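Below, in structure tokens: the form predicted alone, a single chain.
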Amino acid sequence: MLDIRNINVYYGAIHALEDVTVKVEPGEIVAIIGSNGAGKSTLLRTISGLLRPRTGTMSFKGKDLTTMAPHDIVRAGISHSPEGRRIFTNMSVHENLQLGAFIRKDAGVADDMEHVLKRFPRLRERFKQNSGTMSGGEQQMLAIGRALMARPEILLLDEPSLGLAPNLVTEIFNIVLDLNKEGTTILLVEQNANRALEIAHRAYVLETGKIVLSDTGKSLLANPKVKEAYLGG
């Protein structure tokens, strides 16, 4: 479904991603774990077209993404919920969700918004509220809901649990599982490696811009090197 092959991405002279290869099959949850600065967010930003690989190829369902504009990548079926939520804080919940469907011309937008509001009841309660006044957890739900409004086939989630209380972390991961069960393929970047590997079908370990390990989520949970480096023992 998503085929990233040997991409090299630079920030000026800094080699941020080096020969990175990642594949995502339909219906999977694939996790990318690694320490701060490993290149996890850079990978998602590159898939979204916000950064360009200097070399290598990226394709989605056979379509070449390498030089495709970000809005065309969304149209192709890839939606990105970025690190730090990046909601429009001076706009209401309703307006943020509308912007998530900006590229769509079909008649199903209202039904999809209702589906998002059923999934996130707190967004319905805050529907007309300025989104900048909401809690961190509510803003994260809005960021995911906004991404879903594009009706993606694959959802890129960047650090969805960052800065949230433990009970909200559990809620967010349950939402990720529910979305996947309903048919959305997910590429998940997450510093909470334990939780990410628990729900992932497969996972990659990224270190200083390079993929150093890949396996099933369960196998990486049991891997001594992964335990020592990322799982607290």
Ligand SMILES: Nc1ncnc2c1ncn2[C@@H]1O[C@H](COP(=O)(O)OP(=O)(O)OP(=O)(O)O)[C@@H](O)[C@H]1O
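In this text the structure is predicted, and so the values were computed from the model without any measurement. Start at 1 and count along the sequence shown; that's the residue number.
Form predicted together with the named molecule: not shown, discussed below.
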| query | finding |
| --- | --- |
| Contact stretch among 63 to 71, 35 to 43, 195 to 203, 165 to 173 - heavy atom within 4.5 Å of the named molecule in the model of the complex | 35 to 43 |
| Non-hydrogen atom contact residue 16 with the named molecule in the model of the complex at 4.5 angstroms | yes |
| 4.5 Å heavy atom contact, residue 159 to the named molecule in the model of the complex | yes |
| Interface membership of residue 59, the named molecule in the model of the complex, 4.5 Å heavy atom rule | no |
| Partner contact for residue 138 in the model of the complex: the named molecule, 4.5 angstroms, heavy atom | no |
| Residues in 77 to 91 close to the named molecule in the model of the complex, defined by a heavy atom within 4.5 Å, in order | 83 |
